[in-house]
Structures are given as structure tokens and as C-alpha cells.
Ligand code: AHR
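As C-alpha cells, one chain now follows by itself in the form predicted alone.
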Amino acid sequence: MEREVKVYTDLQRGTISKHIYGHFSEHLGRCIYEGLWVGEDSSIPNTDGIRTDVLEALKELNIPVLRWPGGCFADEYHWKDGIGPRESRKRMVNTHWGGVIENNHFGTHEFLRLCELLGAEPYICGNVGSGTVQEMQEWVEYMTFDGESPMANWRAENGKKEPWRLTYFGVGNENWGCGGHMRAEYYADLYRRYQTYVRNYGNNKLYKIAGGANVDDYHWTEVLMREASQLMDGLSLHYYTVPGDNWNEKGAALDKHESQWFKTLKKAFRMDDLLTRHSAIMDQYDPEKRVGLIVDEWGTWFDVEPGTNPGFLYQQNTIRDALVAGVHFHIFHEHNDRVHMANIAQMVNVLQAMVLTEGERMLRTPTYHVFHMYKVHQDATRLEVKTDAGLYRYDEQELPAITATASKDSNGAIHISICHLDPNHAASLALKLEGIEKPLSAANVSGELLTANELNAHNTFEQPNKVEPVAYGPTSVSGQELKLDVPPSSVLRVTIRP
């Protein structure tokens, strides 16, 4: 049976914010130390202490925004401990993640330098759980005040006379859990208080993000929107794709059974329901959709790799993760009127990472390649898509066999991204473009395909390029239609230039 995807090029559905393609880096496991930061004296090539191979790989993704320092770590992080000469910085115990010693060598200056090198906007998450209002206020002053003040003077003494530009600031993280185990009503009042002192200095306008709900805690969203929506610009949401039935048995990253494949993808689709229901509550208090829904933690979460520190959350990354990422992007695009930002967890060596490192070696994961393939959608105009592509059935359950999204960029190029979830059967797909003025030409069509023959196919340091994109073209081009042969378990991008 031939399957069909229609793209309505004349039905435009708003802009896909580039910030949907954001990232998250926490002081967790080997994300910061060994992953991003090695120090200027390291034998590993580095730029101002940031390892060059990782930096160059990440720059290729056009990362728009990077969240730091957590996560749970944010609500035990005291920023003044990470300022000044590194040899005199206070050492602390990272109680959330493995009980290891944190030497604070990677602090505010180092993070903001990383963002400069990446070309990414910084998203700072402040400490509400164990920090003070004054501490948060002074951090914002230190980073953004251009004038005479104790914090601005201290910043200059530490080598940065001019202030940084900072837009995104989170007032706490997961305050329903590791950020203080608060009730929604209590946190709403604390948010109102703390955000008052997260000030705009000069022409630096902050976008204030309140700590939002855990998965389907709709009461939390209701209370925060009712009590504080007028004082926020964004409200966060956290949801991880965990195939296991509980947090003690999350499932293995390299599981090769179709039962886990299906279960993982099914749980990824839950993001659509969560966004729909949280958005409906937000609409009651913010019908103009001024407040953004910020999905600043998402991705797969499996059991750690055998033999690794359980507090480091190190997991491998397969073609299954690639499809989870693609499905999420399709969902985020569909909710682009409310979802202003999303940040995958995490950037390096933790959870659904972009790159993995081992000593001097580095590899790109299948998820990295999806981010690279999809970067064409950043700040593009979303186009209406209708899919009639059958179902993927397993054990009396079913999912869409194919999901798709499309956009048009500022140069008039149309980009269509497709995820084929069925691991067992190839698909013959008719891709029809409605509303175009002239027939399609094969010379103007190009594409990339990411696929694998094994359900747990992944890249290793011995085979770092086992799963990577290859050039792809349609089998035929005629009129307004492309014919595509889509392999099982694949992510595909097709670009049609004007």
C-alpha cells in the first residue's frame, strides 16, 4: 500500500522558534568535566579550557540556547563559589549526582564564554531551593549591570569589564521535587518574591521563567498561572521518555527487543497530550499566548550503562533515540504557538547526549545527527501537513507508522522531515506539495537519510560512524509529487529549493 504525506505550502502556521532546538548542560556526571571542560593545561586540545573537538562538533548544530547549571544542581549551586581565581574557589560535594567533589572550576565566566564560542544564548537557572533573594539578585547584577556597583566592579576585577547580554533566567528548578519539595501554592508565592529582584539593568531585558510542572501535574500549572502568570514570561515543563514501568527499572539503552522499541516510542508520543492539556490551562489565564511553555528537560532516560557510576546517568544512544528526538520535534512544531523553547537533556555524556567522550576520543550520537538534519527548521515558517501513512502495530497496540513536519525558510526552500517508526517494513511514500506554482524538478531536490538495520544500532569509539546520515533522493519527481522509498526505522529530511 502506498502511503501519502501532503504538504500545504500555502497554509502557514506561524514561526517555529529556533529555541525549540535548545540544549541543557548540568554539573552531572561527565557532562561539564571531561565532556565540555578540560582546563587550559589539559593535553586534550582546548579553547580557553573548553575541549575543541566537542566545541567544533556542537557548533555545527547552530545551538540557539544553552541551559545551565542545572537541573537539580541549580538549587544547591552558589554562584559566588565559581568566581575568581580557580585555585581559590570553594570545593563542594555534588550531593545530587554521585557525591563527587565539585571544584567549581567551571563557573559563570566559563559558561558564558562557552556560549560565546557556540554562538548560543545563555539560559541561567537560579537557586531558589537553598539560595537567597539577595544571592539571585546579585548574580543578575554581576552578569548584566553596566555601571558602578559592587557586583559590576567585582566582575571587572575578574576580567570582564563589559556586562554580558542575558535574556533567559529561570527562577528555580523542579521546586516540587529536588528544588525544595514545595507545594504549588508555596512556590507560586516564592516565585513572586524572587522574580521581583531579578531586575532588568539598562537595556538588558530578561525573560523570566517560572519552574513548572512535573509531567501531568496540572494542578501545578493551574496555580502558577492563576497566581503569577502576569509576572512571568515562561513556564517550564519536564517530561522524560522512560520505557520501564518504574524509575528503578527504566530499561536498557541498548535493548534490542521490539517490545521496548514500541514502548519507548509510544511514551514519546505522550508529549503531545501533555502539551495540549497544559496549554489548555495556560490559555484560560493567557489567551493571547504571551507566556511561553518551556520544555527545558526532555529526552530518553534509561538505566545507566553497566559498570558506570549510577549517579552519572551515562547511557548509550541508538537509532531508537534518534526517532524519539524526531517525534518530539514534530510535536513541538505542532505546538509552536505556545512552545517557545525546549532543551534536551543533556548535551554531553549524560542521558540523551549529542556527543560522548572517552579520554581524548569523541563520537557523535544518532541524536546529534537528527539535530543536525533538523536545524533547517529553526525560525522557519511551519507549513500544514496531513499524513495518511498507515499504522505500526505491535502486540495489539498501534502507533502512526510515519509522522512528518514541514517548514519554509527565509530563502523560500521547503524542508520536510519524516520519521518512519516501523522497524519491520519499508514504505513507499507519495510526498505531495499542494499550492506550489510550478512543477517540481529533481535538480532542486536533495535529502538526507538516517537509518539502521538493528534496533540497538549505535556508534562506539571503535566504530564512531556506524549510524550516520547519507545523501538521499526521491525515486521519481513529477508535477507536485515526489515518490520516496523509506527504509524501516529511519529519519529522513527532504529539501526542495525554489
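Predicted, not measured: the structure shown is a model, and the values here were computed from it. Don't overthink the numbering: it's just position in the shown sequence, from 1.
From this point on, the text means the form predicted in complex with the ligand, which you will not see here.
Answer with yes or no whether Q346 is in contact with the ligand in the predicted complex, where contact means some heavy atom within 4.5 Å.
Result yes; Q346 sits at the interface with the ligand in the predicted complex.
Is there any non-hydrogen atom of W97 lying within 4.5 Å of the ligand in the predicted complex?
Contact check for W97: yes, within 4.5 Å of the ligand in the predicted complex.
Is there a non-hydrogen atom of S236 within 4.5 angstroms of a non-hydrogen atom of the ligand in the predicted complex?
Heavy-atom contact with the ligand at 4.5 Å: absent for S236.
Given that the partner is absent here, does C72 sit within 4.5 Å of the ligand in the predicted complex, heavy atoms only?
Contact with the ligand, yes.
Choose from 467 to 475, 24 to 32, 57 to 65, 452 to 460 the stretch whose residues reach within 4.5 Å of the ligand in the predicted complex, heavy atoms counted.
Flagged stretch: 24 to 32.
Though the ligand is not shown, can you say which of A342, L351, A210, A406 has a heavy atom within 4.5 Å of it in the predicted complex?
The option sitting close enough to the partner is L351.
By the heavy atom within 4.5 Å rule, which residue out of F269, W154, Y285, W301 makes contact with the ligand in the predicted complex?
Of the listed residues, the single hit is W301.
Within 4.5 Å of the ligand in the predicted complex, which residues of 304 to 333 have a heavy atom? Give them in sequence order, or say none.
If the 4.5 Å heavy-atom criterion is applied to the ligand in the predicted complex, 304 to 333 yields only L313.
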